[in-house]
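Next up is one chain by itself, shown in C-alpha cells, the form predicted on its own.
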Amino acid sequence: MSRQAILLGLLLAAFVVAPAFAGPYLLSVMVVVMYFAYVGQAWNIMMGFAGQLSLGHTIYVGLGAYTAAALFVHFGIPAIFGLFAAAAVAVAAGSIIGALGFRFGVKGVYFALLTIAFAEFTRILFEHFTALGGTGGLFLPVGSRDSFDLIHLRGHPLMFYYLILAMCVGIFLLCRKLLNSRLGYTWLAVREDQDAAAALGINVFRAKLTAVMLSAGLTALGGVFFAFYYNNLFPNQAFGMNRSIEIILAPIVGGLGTLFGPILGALILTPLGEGITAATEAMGFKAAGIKQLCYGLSLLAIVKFLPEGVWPWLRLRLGLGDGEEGE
C-alpha cells in the first residue's frame, strides 16, 4: 500500500469519527467543507482534466436543485428519484452549452464568458418563474430532524454529513478511475494541445463535450444535496456568480487537475472563511464581504507562491514523490 493511500485512509477515518467530537456548528461547517470538495471535484473534471474553463458552473447546481426540489414539493417525488431527473436536466443543459461553444470554435476565456451568460440568463429566467417561487423563493417542507430518511432526504444533520462524505468518496474514486482510463488520457491530450490531439486522430469535440456533460451531471447531484440540506432555494442564491466562484476556488487553491486538490482546498478555504466571519462577529461588528476578501487574498497568495496549488507542494514536502498524473 502506497503512502498516499495510507494518508487518504487516515483522512477518511478522521472524517468518519469526527462527528463524535463535533458540536452542531462544527458539524455544519464540516458539511459545507465536504460540499465544496464535492462540487469542486465535479468542476475539476471539466477544467482540471479536460482544460475547459467554466465560470458559470452554478447553472448545474441550480438546475439540479430546482428540478429535484420542484418534483418533491409539487408532485411528492422522493429525492432519491428526483436526483436522476436533476442529473438529466443538467446533462442536457451542459450538452447544449458545450455543443454551441465547441461547434463554433469558442475556446478559453470566450467559452468561460459563454458559461457565465447561460448562468445569468437562467438566473433571470427563474426569477420570473412564479411556479417555482420566483424571487420569493422555493421552500421545501421540513421533516423531523430526528429521523434518517434517505429516500426523501429528510432528517438529522448527521445523515447529511455522512451522505456528502459518501458522495465525496464516490466522486474521488470515479475521478481516479477516469484519469487512468483511455478517456482520461484523451482529456490530457486535449488539455495540453487540442490541435496536436486532433492531428493524432482524437475526436476533440466529443472528448470535450463528454467532460462537460459528466461534470454537469455530477454537479447537479451536489445541487440536489444543497436544496434538501438548506430547504430553500432562491435564484440569486442558486445561480449567482459568487456561487460559481466558490465552486472553482477549492480546486484552484488545492491543486488544479489533481484528485486531492479540491478536498484540500475546501479544507483550507471553508474553515478560514467561517473562522474570519465568527471572529469579526465576536468582536462586535459585521464586515460585509470579509469572507470573499479572505478568499481573494488566499487566491492571490496561491497564484504568487504556489501556482500549481497547495497539494503538489505538500505532496513533495511529505515525501510522497511526484505520484501519478492527477494524484
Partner chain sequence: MLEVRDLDLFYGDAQALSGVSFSVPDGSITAIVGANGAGKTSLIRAIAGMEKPRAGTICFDGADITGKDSSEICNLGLGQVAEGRQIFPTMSVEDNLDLGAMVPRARKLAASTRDGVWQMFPRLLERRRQLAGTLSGGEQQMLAIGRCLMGQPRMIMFDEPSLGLSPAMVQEVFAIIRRLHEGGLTIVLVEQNVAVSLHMADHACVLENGHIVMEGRGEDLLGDDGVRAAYLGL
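On a predicted model such as this, the values are computed, not experimentally measured, just so you know. Positions refer to the first chain, counted from 1.
From this point on, the text means the form predicted together with the partner chain, which you will not see here.
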item: Contact flag, residue 185 vs the partner chain in the predicted bound form, heavy atom cut 4.5 Å; value: yes
item: Non-hydrogen atom contact residue 203 with the partner chain in the predicted bound form at 4.5 angstroms; value: yes
item: Touches the partner chain in the predicted bound form: residue 146 (any heavy atom, 4.5 Å); value: no
item: Partner contact for residue 73 in the predicted bound form: the partner chain, 4.5 angstroms, heavy atom; value: no
item: In the predicted bound form, the one of 85, 92, 198, 113 near the partner chain [non-hydrogen atom within 4.5 angstroms]; value: 198
item: Proximity to the partner chain in the predicted bound form, single hit among 178, 132, 252, 189 (heavy atom within 4.5 Å); value: 189
item: Partner-facing stretch of 189-197, 238-246, 147-155, 134-142, counted where any non-hydrogen atom is within 4.5 angstroms of the partner chain in the predicted bound form; value: 189-197
